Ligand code: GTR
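Let's start with one chain on its own, the form predicted on its own, as structure tokens.
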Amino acid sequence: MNHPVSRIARRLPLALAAGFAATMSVAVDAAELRAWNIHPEGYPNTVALEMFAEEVAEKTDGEITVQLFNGGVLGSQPDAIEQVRLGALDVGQFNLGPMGTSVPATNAVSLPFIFKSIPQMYRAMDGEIGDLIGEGMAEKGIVALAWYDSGARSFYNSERPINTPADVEGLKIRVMNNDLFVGMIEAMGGNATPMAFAEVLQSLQTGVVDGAENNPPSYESTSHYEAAKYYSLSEHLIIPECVCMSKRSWDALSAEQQDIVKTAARNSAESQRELWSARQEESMAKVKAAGVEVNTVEDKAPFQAAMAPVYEQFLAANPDMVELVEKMQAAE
């Protein structure tokens, strides 16, 4: 029969539970990890996280369970990142883009054209690049367990296909409110227009902007393809996501438990990537059937060359990231 303290501890984030039990001189015989996730039920990331939770419970014989809180019900992503850092949440499934404020090392993946393709991003993040970014995350209290795919953002507009940087010249392109992305458009001679995502469809319909940029499922599910019939697969932003754990919670696990949790996360990442790829294919098939003209940017070298001033400004403000960026640029 479990001690009452152990039952109470299971309701707390793992790191807090361990500390509580230690104070009472009672071992925690089971723990529940509270996991934040912004995506809804049925979304590729959510399905993969469910697989992660099932494997952790199975491989630990129920000693560790994962309770998923989907749809951002525990707060916004920036808030959840801070809660994981502090140990108030045990696990988070985050996009690395918004993490830059708290974890500067993750800003490198938001540089335009830093990755050449999604497969190259996989190899980089599963290897030395991911390890280096993970070290920077650990310094800020977050342990990276595995890397998920969030697709690649590409340009779409109502005027013409984009094959070279010159094709962007003069176009009014909506971007996220980030100086990096504003600089990206301006470096190609376009007019960057930061605005809320919810305003994009009407702005495309009324001509406030000529185009925007996003991944295929977002382009399709928002009906942006109905107003912007040219979709150019530039894949200029390939920002991975992570399954992350609070370092406090991670340190409360035994070495064997850590191995189980990390292995389960990496297994779930393989499944998530397959699910995401299938979702993208479905979206692309739908927009093509609706008459969208889709082209693939075969040569990204001119775009990467055009980003020189963007990189110079970024590295001038972040000189400690020069080596990491150089390694990312050189990655095969």
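When you see a residue number, it is the position in the sequence shown, counting from 1. None of these values were measured; they are calculated from a predicted model. Heads up, when I say rigid core I mean the largest set of C-alphas that superpose within 1.5 Å between the two forms.
Beyond what is shown, the protein has a form predicted in complex with beta-D-galactopyranuronic acid (GTR); the following relates to that form.
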> Of the listed stretches (227 to 235, 257 to 265, 173 to 181, 120 to 128), which one has a non-hydrogen atom within 4.5 Å of beta-D-galactopyranuronic acid (GTR) in the model of the complex?
Replying inline: 173 to 181
> With the partner left out of view, is E241 within 4.5 angstroms of beta-D-galactopyranuronic acid (GTR) in the model of the complex by any non-hydrogen atom?
Replying inline: yes
>> Would you classify N157 as touching beta-D-galactopyranuronic acid (GTR) in the model of the complex, given a 4.5 Å non-hydrogen atom cut-off?
In response: no
> Taking heavy atoms and a 4.5 Å cut-off, does N215 contact beta-D-galactopyranuronic acid (GTR) in the model of the complex?
Replying inline: yes
>> Can you tell me whether I38 touches beta-D-galactopyranuronic acid (GTR)? I mean in the model of the complex, with a 4.5 angstroms heavy atom cut-off.
In response: yes
> Ok, Q83, Q205, N95, N191: which has a heavy atom sitting within 4.5 Å of beta-D-galactopyranuronic acid (GTR) in the model of the complex?
Replying inline: N95
> Does anything in 259 to 297 come within 4.5 Å of beta-D-galactopyranuronic acid (GTR) in the model of the complex by heavy atoms, and if so which residues, in order?
Replying inline: none
>> Aligned on the rigid core, do the two forms place the Cα of N178 2 Å or more apart, comparing between the shown form and the other one?
In response: yes
>> Does P216 move appreciably between the shown form and the other one, meaning a CA displacement of 2 Å or more on the superposed rigid core?
In response: yes
> Once the two forms are fit on the core, has N107 moved its CA by at least 2 Å between the shown form and the other one?
Replying inline: no
